[in-house]
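What follows is a single chain, given as structure tokens, in the form predicted alone.
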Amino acid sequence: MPEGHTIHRAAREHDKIFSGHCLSVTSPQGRFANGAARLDGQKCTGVEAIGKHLIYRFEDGSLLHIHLGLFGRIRKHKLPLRPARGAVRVRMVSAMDAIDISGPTICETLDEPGLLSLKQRIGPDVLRVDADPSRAYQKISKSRRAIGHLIMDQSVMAGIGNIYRTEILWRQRVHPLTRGRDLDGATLERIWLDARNLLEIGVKRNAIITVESEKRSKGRYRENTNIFGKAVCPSCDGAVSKLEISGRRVYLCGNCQVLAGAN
């Protein structure tokens, strides 16, 4: 599943190419035919990201809500267009650019009350300037669940995925199994600010980069991390351990991340 920086980068790019333009909206696959017909020919008035959700606004007040989930994919094209390739749920075309969205978990039209309901279900998004981090702090400080679970719970804090979870907690010297209620306010603020900083770098660099140099690796995904997928901690040279939280693998250094509040 794309992490929050990928969705915000897409939103900023799509806002730049679509906002103020009338769009041809179709559903080559056919599964979004009615929604596409409702939006077809309308002017797009803006595109935004809320956590891992994309929202496309149209001039009649309609909203297109996209959540890629595990298998969704976005492809950008220049004109002239070729026939849609694969199961394209929705295709949006302006005078210059086109976007194909395939395999999203959610592809639906919303109105403003529907958007408000969505926002109420999602925790504050670390990349949004209107985010209220105190909403996340309040939920975490009352919870007996592990912080490694809580910061990936999109209803608590939106935008953080598996790699960022490992890296943020290592950078802040917090053991992933530490209960939310055992973390003080200063630590929660450091986690929030570090998350915002790292995801902003991700938006800018189009890659997950958590090392201080901000350089992309030469690997396939251009990620550059401290301990995710690594065997040795770069801080203490200790062995990196692995555990599973929320069905996903988390990496940690037992020397640098001491489990507190275990009793």
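In this text, residue numbers run from 1 along the sequence as written. Predicted, not measured: the structure shown is a model, and the values here were computed from it.
This protein has a second form, the form predicted together with the DNA, left out of what is shown; the following refers to that one.
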(message) Since the partner isn't included here, can you check whether the DNA sits close to all of H14, R57 and A195 in the model of the complex (heavy atom within 4.5 Å for each)?
(response) no
(request) Spell out, yes or no, whether the shortest heavy atom distance between R75 and the DNA in the model of the complex is within 4.5 Å. (result) yes
(message) G69 versus the DNA, in the model of the complex: is there a non-hydrogen atom within 4.5 Å?
(response) yes
(message) With the partner left out here, check for me: in the model of the complex, does some heavy atom of A87 sit within 4.5 Å of the DNA?
(response) yes
(message) Given that the DNA is not shown alongside this chain, does H21 nevertheless sit within 4.5 Å of it in the model of the complex, heavy atom to heavy atom?
(response) no
(request) Report the stretch among 107 to 115, 90 to 98, 157 to 165, 126 to 134 that approaches the DNA in the model of the complex to within 4.5 Å, counting heavy atoms only. (result) 157 to 165
(request) Report the residue, out of L39, I208, I227, V47, that has at least one non-hydrogen atom within 4.5 angstroms of the DNA in the model of the complex. (result) I208
(message) With the partner left out here, which residues of 50 to 64 have a non-hydrogen atom within 4.5 Å of the DNA in the model of the complex?
(response) K52
